[in-house]
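This document starts with one chain, in the form predicted on its own, laid out as structure tokens.
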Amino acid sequence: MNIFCKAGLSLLLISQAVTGVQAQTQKISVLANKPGVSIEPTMWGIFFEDINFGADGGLYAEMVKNRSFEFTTPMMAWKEIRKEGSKGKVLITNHIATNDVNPRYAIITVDAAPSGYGLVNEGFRGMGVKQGAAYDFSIWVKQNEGNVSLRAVLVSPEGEKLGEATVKSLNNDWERRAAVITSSKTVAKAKLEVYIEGKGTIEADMISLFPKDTWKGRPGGLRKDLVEKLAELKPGFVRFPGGCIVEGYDLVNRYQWKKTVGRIEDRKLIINRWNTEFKHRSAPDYFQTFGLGFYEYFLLSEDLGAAALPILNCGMACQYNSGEVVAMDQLEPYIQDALDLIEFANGSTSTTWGKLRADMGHPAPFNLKYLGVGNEQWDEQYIERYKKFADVLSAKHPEIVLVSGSGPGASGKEFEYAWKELRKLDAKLIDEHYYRPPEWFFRNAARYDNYDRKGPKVFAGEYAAHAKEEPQAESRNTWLSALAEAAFMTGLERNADIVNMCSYAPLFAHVEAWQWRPDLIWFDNLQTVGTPNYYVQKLFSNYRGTQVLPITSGGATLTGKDSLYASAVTDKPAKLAYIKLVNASGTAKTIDLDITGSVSNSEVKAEVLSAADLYSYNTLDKPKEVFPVTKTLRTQKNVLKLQLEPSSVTVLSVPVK
């Protein structure tokens, strides 16, 4: 059976899905000596949202789940250990009058034999530990009476001890104590046992375990291999913290940035809105500790050399859920949050929020340039609230570019209304979202060719082609979906004068704890895998360019005719032209590429991404089912003769004069 028929697809633009090889050579012209509109450094970026255990249990490297007993069920993820008749009990105490941010702690009383009484934590679908790697254990603890010591032990699912550390000489006042555990084996689903040995009573809170080898070696930091995957994308911006997470199911549960900064111990946990959003993927153990908060987001953006793009709640909860809005005469605190965030990011250390940034370890400003108002809201209630934000922020901070939204759809009544009203308000950047089947992406490669060049710019803030799926977690990230996105992205790049920012969404997903798919990067407790979609994003972002170049066939842009899509850019400092060619056909295509302004008889690097089966996808076990291959070609004078593989994406790096 022809591979394009496996799901009964009728992709109108894939016109060559037949066996055999096309004999006719197609001529394509690139004018490398005619650079056109500039490409923003922010063209290709990343979108982060704490969905699919993307933060807690993912990017945020904390390995202990419910470390401070603040989940709705205080002992969730914890169990008591009793060995050889040891006596002990645990009582979760709530002292909200003293600490309304982190009110719960455990009072543990023991009369333990040497083997001890204790608690065991299951981690986030287990704890991934590596042979020879060190892990930082810490606990806030106070000894009330007796003489007690602590022993922290990493164990395998079978109970085998992998490593341990002890904490002795406890004090009668709260203090943070720490120790290092080294694992003797690599285990994907280890557990942490904490034994309280001796006789007496202690109070315990913030029981924590982090890999010592975090991103940039920061204690209590980010999971290194996940950040490395982001760094390989060379993103122009990082959008955070979402997404629907910004809105919350209701306003009480909305994302509030001020609760995510300062000391880790002072950040108030809330339930994650994806906890029970999808009944078929319910995750009652999904909460937000905000160990990964706004400071860490800004720091990550800086590490990646990317512009930060924070999104703030505009006084509206998710319209798919409660649809709650704050009264217009009560909107001022939300606007003040935006003003204070700008001060936190950019203000001098003599200001309140600038001083907090400095106290957290970053005296220099983060140089924030962009700020999103609302996520995916629509209709009159959004426009009137956005206008209030824009009036204040534009007056007080004209240097900040505001990002507005056109709602959840790529067309329709709400979409058209938002664009009409936002044009009146002289909006600078409008966020458009597209979660559609692959056919939509193929058909819409020319979407921005006729957009008004004098109107607002476009932020393609959330997009992904949703193809068929199978039970395996990674299965929806098919080569077909990535191929369709690549075709669409040539149109985004070709229209870089109107499209200034683009990001695939969502970013991360744990293979055992996801709520939504497809996603760009999948992981478990030990490994990560880039999807075919990830490698498409990487090809476009790594070969970004500084200006758009004309690329045509028979005088027309390549937007799907004969199943070909193309864009071209020049990288002026590197003296290279990057030519992106997408062959959506089921047959190879022979191309004569005439590159005016290229260096004659030059060596050309080609990166090719392809797969024989449109429904191929990468998994943790098979990470290179769809993976780029590098080839070397050579021009004849200024012409490059090449054959595009069936259903392929090819990026050429051509030296130019």
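What you see is a predicted model, and the numbers here were worked out from it, not measured in a lab. Numbering starts at 1 and follows the sequence shown.
The same protein also has a form predicted together with a small molecule, omitted here; what follows describes it.
Listed residues Gly243, Gly491, Gly545, Pro235 were compared with the small molecule in the predicted bound form; Gly243 is the one with a heavy atom within 4.5 Å. Site annotation in the predicted bound form: the residue of Ala505, Leu170, Val569, Ala496 reaching within 4.5 Å of the small molecule with a heavy atom is Ala505.
Residue contact check for Glu296: none of its heavy atoms lie within 4.5 Å of the small molecule in the predicted bound form. Under a 4.5 angstroms non-hydrogen atom cutoff, the small molecule in the predicted bound form lacks Phe53 among its neighbouring residues. Residue contact check for Asp205: none of its heavy atoms lie within 4.5 Å of the small molecule in the predicted bound form. Contact between Trp274 and the small molecule in the predicted bound form is found at the 4.5 Å heavy atom cutoff. Within 4.5 Å of the small molecule in the predicted bound form, a heavy atom is found for none of Phe523, Tyr534 and Glu625. The chain is drawn here without the small molecule; in the predicted bound form, the stretch among 588-596, 607-615, 627-635, 42-50 whose residues come within 4.5 Å of it by any heavy atom is 42-50.
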